[in-house]
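Okay, here we've got a single chain as structure tokens, the form predicted on its own, with questions on binding and movement later.
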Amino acid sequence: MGYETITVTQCTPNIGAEIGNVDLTKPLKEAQVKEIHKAVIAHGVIFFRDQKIDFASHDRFVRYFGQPHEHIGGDYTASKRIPNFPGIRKQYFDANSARVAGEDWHSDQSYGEIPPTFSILYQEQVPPNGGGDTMFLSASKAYEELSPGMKAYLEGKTATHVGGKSFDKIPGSRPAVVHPVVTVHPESGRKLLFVNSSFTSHINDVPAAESEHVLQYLYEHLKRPHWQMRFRWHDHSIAMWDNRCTQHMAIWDYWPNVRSGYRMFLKGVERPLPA
């Protein structure tokens, strides 16, 4: 799978790649956009280093791939809207933060009827000494390594996703939706597990105890290091990941230091497809 306008350096056998030979502070050529899209589909999450972008550059980059998705659930302490850029959210954590967002494995906004396709996170300032890494996993590879019996059991099942604990104090902002437990990626064609420990409440139409035990098994299976990677941020790094086939988790090991950045979502165009 060759690339002509960008460089692509694979991070692990199953997920992640670093992208080079591109300047996101400037408009991109059509060929660059196509190859960046190809890379994120192939690797699930891609990373850009030394990209000191402003709000306009961030917004422009997302719009190469579609329309921005506005966050479901309103403002909360650690995530604020940016004036004139409704799709951008500032994420800021320091010594006064009681918690940070995303400390458990999740796929962004999976409790939406149509979850965002991509997330694009720009870290303007990261903690010293390598703190504040983000973990990523391939839900496609995790599904592929399930036993045939478990795959057969999960076929056709659905699960309910609800807004997380961060929304509890926001009136009317705890949405709920039903998605297939196993979905198929509309571009790669790979099947994947579409349940996560942050937002999936239960598997539908089975006894509660069965749902709990099966989900716990799947969560532990998803967390195996064989299909994970850990990304070490530098100032002015960008991560772009595909919410349809990956999960991620933020590591809060940097208190009382500052971690500050800006996130955008790409608007989804269809509900998760049953496999």
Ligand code: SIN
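All figures in this text were calculated on a predicted structure; none of them were measured in a lab. We number the residues from 1 along the sequence you see.
Omitted here: the form predicted together with the named molecule. The next part is about that form.
If you check the named molecule in the predicted bound form, you find a heavy atom from every one of 91, 250 and 259 within 4.5 Å.
Checking 154, 142, 203, 121 for any heavy atom within 4.5 Å of the named molecule in the predicted bound form turns up a single hit: 121. Of the residues 163, 102, 127, 115, just one reaches the named molecule in the predicted bound form with a heavy atom at 4.5 Å or closer; this is 102. Of the candidate stretches 146-154, 81-89, 105-113, 182-190, only 105-113 has residues whose heavy atoms lie within 4.5 Å of the named molecule in the predicted bound form.
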